[in-house]
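Single chain ahead, written as structure tokens, the form predicted on its own.
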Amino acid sequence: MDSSIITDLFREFTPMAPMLVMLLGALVMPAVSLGYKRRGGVAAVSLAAIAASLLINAVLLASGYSGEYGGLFGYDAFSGLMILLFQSVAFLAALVSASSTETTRLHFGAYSSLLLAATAGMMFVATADDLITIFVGVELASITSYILAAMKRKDPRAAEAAVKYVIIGGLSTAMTVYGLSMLYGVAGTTSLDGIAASLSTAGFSWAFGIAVVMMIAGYGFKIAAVPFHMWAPDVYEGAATPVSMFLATGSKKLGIVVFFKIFLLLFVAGSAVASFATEEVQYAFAIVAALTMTIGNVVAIAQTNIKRMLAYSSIAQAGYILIVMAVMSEYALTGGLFHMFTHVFMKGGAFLIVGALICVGVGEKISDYRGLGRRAPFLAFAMLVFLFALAGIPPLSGFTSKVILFSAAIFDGDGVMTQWIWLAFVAVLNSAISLYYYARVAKAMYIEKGESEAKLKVPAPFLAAIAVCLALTVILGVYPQLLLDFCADAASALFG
């Protein structure tokens, strides 16, 4: 398909075409649920909406399309790649939701609608060129996520998780709005390009300093960066596992994309950049990154619930990606984008296995996984691959993406040694720590003996989604160039 077909169809709205299709799907899902009493039919329609949006985005991305709408939204290699990431997460979540015993049966149409709307919000942020559109996109994704976290009937943990999520999310929003309003007061515009141009000729002010601190804190909540991380384990444990997977791999990336679009643009991208405070902001992000990866990994060691362990692991992974914000180089951004994609399939696959096992009556404690290697050989092998990939064991994708990301903290794109070697050392040390608690799960599956030897039969959609994640985890490790070139193009597009 040629991109001209899409541009002829959507005209000036082409930069928003993938999101418009996703929003249309979200709007029709409640009506679709009235026509299809079975969840399978509703899920098929939601998958079709995601597939249509994904096809449009793939065509635009492959053809090198770029364009903007009203100075509010812009489509380029960076936004197209991030949209693809969010679409991939949504597709995996939608594929397994109908087969999950944890998702709601009574309101599955509303559940599917919220899932598509949350994804659309993330996609809008990926294309946003203005503080207002970034804020609206984040809130669209956040509010729908609060409801998704609560849609696990007859489980009090879901209600508790949703309440905590709403309270923390409200605090995050308040801090973000305060930071954005201060930034608007300093620059006199909400356009990202306009703010960058204004700051390039301005000096430091306390209003600007407050704006930076508030935005780091507000969006730090979204990615569960330390010390704004305490909500994540409770929410991931209490929500339905497909929703936990969606939040851990999609919603977390939303906050990281906001950091990329605002801070990289203001401090290092393009010709009009701030001439002050860059090093201070870099050190702030470096400290947050080091604390996030360390506390996430150390606390994960003590967890006995596998969803909570994966939650703390996700916190640590966010710390690794925040290396990009400390280094602030195009090479680091390339590695960060590549790691974001590999994390989707590593962590997403692990959560999918947890959800599949819950469907057949296996508990959420690590001790419940004893003997899994004999009861469900494929799931045990896939979990082993995902966990070792997360730990950075070669030749899996997690190893390749970590090598690129960590090396960016040692050498810049021209091979010159940077001042962030200590941050790379902290990251490598934390990867070694993570291997301990990942190996604990492997030990339970393959060495320890379980109470039952009965074979487990999980739903086919879960097997299909896990197989996709497994294949990509291996392929992207052995042949990273399949995606790495797109990440390099995206980094180049953002840095302008």
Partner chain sequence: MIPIEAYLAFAAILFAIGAYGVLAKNNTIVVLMCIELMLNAANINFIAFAAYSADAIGQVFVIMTITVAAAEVAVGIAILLNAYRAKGTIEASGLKSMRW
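Residue numbers count along the first chain shown, from 1. Everything quoted here is computed from the prediction, not taken from an experiment.
Same protein, other form: the form predicted in complex with the partner chain, not shown, and the subject of what follows.
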(request) Spell out, yes or no, whether the shortest heavy atom distance between Phe260 and the partner chain in the model of the complex is within 4.5 Å. (result) no
(message) Considering non-hydrogen atoms and a 4.5 Å limit, does the partner chain approach Val136 in the model of the complex?
(response) yes
(message) How about Ala162 - does it come within 4.5 Å of the partner chain in the model of the complex, if we only consider non-hydrogen atoms?
(response) yes
(message) Since only the chain is shown here, I'm wondering whether Met182 would be in contact with the partner chain in the model of the complex (any heavy atom pair within 4.5 Å).
(response) yes
(message) Since the partner isn't included here, can you check whether the partner chain sits close to all of Ile353, Lys365 and Pro395 in the model of the complex (heavy atom within 4.5 Å for each)?
(response) no
(message) By the heavy atom within 4.5 Å rule, which residue out of Cys359, Ile404, Ala117, Met214 makes contact with the partner chain in the model of the complex?
(response) Met214
(message) Can you pick out, from Ala110, Ile421, Val177, Ile287, the residue that has a heavy atom within 4.5 Å of the partner chain in the model of the complex?
(response) Val177
(request) Select, from the options 367 to 375, 76 to 84, 154 to 162, 96 to 104, the stretch whose residues sit within 4.5 angstroms of the partner chain in the model of the complex by heavy atom distance. (result) 154 to 162
(message) Under the 4.5 Å heavy atom criterion, name the residues of 299 to 322 that approach the partner chain in the model of the complex, in sequence order.
(response) Val299, Gln303, Arg308, Tyr312
